[in-house]
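Only one chain is included here, represented as structure tokens and corresponding to the form predicted alone.
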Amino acid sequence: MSELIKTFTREVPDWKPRVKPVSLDEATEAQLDALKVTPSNTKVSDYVLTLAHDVESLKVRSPLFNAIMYDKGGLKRSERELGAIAASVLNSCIYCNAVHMSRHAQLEKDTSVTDSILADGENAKLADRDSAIFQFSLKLSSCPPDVGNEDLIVLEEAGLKQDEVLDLILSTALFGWANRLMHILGDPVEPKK
């Protein structure tokens, strides 16, 4: 049996579902249709195969995920990843946090931001723009109604434009939802060797 991972890491763990994923060999036509679009347009993961039990939700979830995380314009990809990291830190989602820390480090070709978050969590010392993004995303993930004009002013003062703020809100909110699905449907485990 694989051992559960309980601490944040940049090394992406495996994910062990609690619900048996849909088998591609046994999937219905509707499930196969919903599986045509995958997050980041990559292989079909056990997570997505688990979500395939709810075809109608999956049909809108993957295109929505791709539009929020990968569309051109607005916030840089690495900054969308930083919003996802903050949501995952706040929600203690080990798997999502590792995926987005790894992706952030790849995109930036630098681990200093994720090193700081791994060392100090919510109190990470980051450059002004990164700090504004990270702190806003933590607050939005904690209690959305607590976010107010003063928080938007901090983002504006850090140089974010309105379309970038919208991207940040969308990517952070998306991972508030994704984190909760990951928690209830499975667990992060040591990768198989």
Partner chain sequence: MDIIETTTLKAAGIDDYLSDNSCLQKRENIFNLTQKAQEAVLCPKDYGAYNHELRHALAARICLLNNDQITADHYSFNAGTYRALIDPGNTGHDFDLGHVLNFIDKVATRPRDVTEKDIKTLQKAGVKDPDIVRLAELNSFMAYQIRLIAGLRLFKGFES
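Positions refer to the first chain, counted from 1. Computed from a predicted model, the values in this text were never measured in an experiment. Basically, rigid core = biggest C-alpha set you can superpose within 1.5 Å across the two forms.
Absent from the display: the form predicted in complex with its partner chain. The rest refers to it.
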Should H53 be counted as a contact of its partner chain in the predicted bound form, where contact means heavy atoms within 4.5 Å? yes
Residue-level question: is N91 within 4.5 Å of its partner chain in the predicted bound form, judged on heavy atoms? yes
Considering only heavy atoms, tell me if R80 and its partner chain come within 4.5 Å of each other in the predicted bound form. yes
Given that the partner is absent here, does E156 sit within 4.5 Å of its partner chain in the predicted bound form, heavy atoms only? yes
Given its partner chain in the predicted bound form, answer whether the residues F136, D167 and L174 all have a heavy atom inside 4.5 Å of it. yes
Using a 4.5 Å cut-off on heavy atoms, what residues in 129 to 143 are near its partner chain in the predicted bound form? F136, L140, S141, S142, C143
Does E26 count as moved between the shown form and the other one, where moved means a C-alpha shift of 2 angstroms or more after fitting the rigid core? yes
Is the shift of P63 between the shown form and the other one large enough to count as movement, that is, does its C-alpha move by 2 Å or more after the core is superposed? no
Rigid core fit then G159 CA moved by 2 Å or more between the shown form and the other one: no
Having a change of 3 Å or more in the C-alpha distance between I94 and P145, I'd like to know whether it is closer or farther in the predicted bound form than in the form here. closer
Do the C-alpha atoms of P145 and A87 sit closer or farther apart in the predicted bound form than they do here, given a shift of 3 Å or more? closer
